[in-house]
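To begin, one chain is listed below as structure tokens, in the form predicted alone.
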């Protein structure tokens, strides 16, 4: 090969690398501390123990984070109780609303920083953090700021009463969003908060603590701590905590339910799901395929309401599966900070192990696995977007929540069979229906036992819409007027 030709190829490759690097989100101005303490009574409080939070895309340590002990939890709860009795419950509702509005505006001003941190800590694509997570966080704070002085219209009670100190525990898949779902209505209703982040994704909550401190919110109104299940159990069992709001696994939800059964604590649980995404033969197939992809591969499938069970009418099965296979091969898997990435890293090694174990069970039980032809990065926690065909209703992958980018495909012949299969689960969080006939959608919708049902779309959210489930997906609602009622006595 001539030197001239070799130089041309080298230059071309350098240009390609430059283009790739240009597509990476700039992190130079992101302010992350090497260590985060607990945020109690409006101040940063050191703990006796710290743990590492890991970037799942490269397995590198991002920061050290405080582990809240039982003593730390007690301090946070006492701080919240003092703030409730001395300041927050007596503050005019309009003034409470101003604080919530101010927090919303401050998050808005630092939206990009929040998005980058969320992607670093969670492994989710930066485009999702920037276009979904953080905007939805902001909209929830704005929404409940507006309700703060209108509570009597929400509950048809001229004198609505707050509860007191509420304990809140959020998951690792949407840490800041789940916090917004809980903190904003709690504050609007006049309660004070002790909230625990998930062990693997604490950073955006501590960034929120910085915002809260800067906003001038009275000390102790919101206390943010981190830790594992033990820390969460200390919050649940604390006698001064009057309400628990938990989002997480069904197994942990059952433990919490038993723990508060003989108390007067209010409780809302938003737990697991195994949503049916039903595609009828009269649907727009191309639109449905895009909806299926969004329903299961969004956020690496680490979504409680993910459309993880595809129910497709037999007459269009082959067409839909072919289009799906083509589509998942076009999904870009890789660096979450690459603006072209569609599927990022799995949040933790433990979660990846669980996903892989369930994938192996699917092949053992006779289902056929199809994986994306993508090449995975050599370091980090990664799973190829995949789907299973020839799935029986008895298979584990058809019943257990995989919480990863894995779709199970089943078929049906009639609408009644579709409904029967959709309801054949212990969960009842969400569902999707794809059809060109509105009357069919309404008829089927009425028979499906799920808290949220989308028609000809999937994973659409509004702060004005309630979210929650039935059966082992939990009870109570977050969002909308219904979310306000959960924080009033």
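Numbering follows the first chain given and starts at 1. Note that the coordinates shown come from a computational prediction; the quantities given were computed from them, not determined experimentally.
Separately, the form predicted in complex with a small molecule exists; it is not shown, and the next lines address it.
- The three marked residues, 106, 113 and 209, fail to reach the small molecule in the predicted complex, with no heavy atom of any inside 4.5 Å.
- Heavy atoms of residue 146 never reach within 4.5 Å of the small molecule in the predicted complex, leaving it off the interface.
- At a distance threshold of 4.5 angstroms between non-hydrogen atoms, residue 199 is in contact with the small molecule in the predicted complex.
- At least one heavy atom of residue 429 is located within 4.5 Å of the small molecule in the predicted complex.
- Using a 4.5 Å cutoff between non-hydrogen atoms, residue 408 does not count as a contact of the small molecule in the predicted complex.
- When you look in the predicted complex, the only residue of 72, 401, 128, 118 with a non-hydrogen atom within 4.5 Å of the small molecule is 401.
- Screening 169, 419, 224, 283 for any heavy atom within 4.5 Å of the small molecule in the predicted complex leaves a single hit, 169.
- Listed stretches are 232-240, 364-372, 97-105, 307-315; the contact stretch with the small molecule in the predicted complex is 232-240, by a heavy atom cutoff of 4.5 Å.
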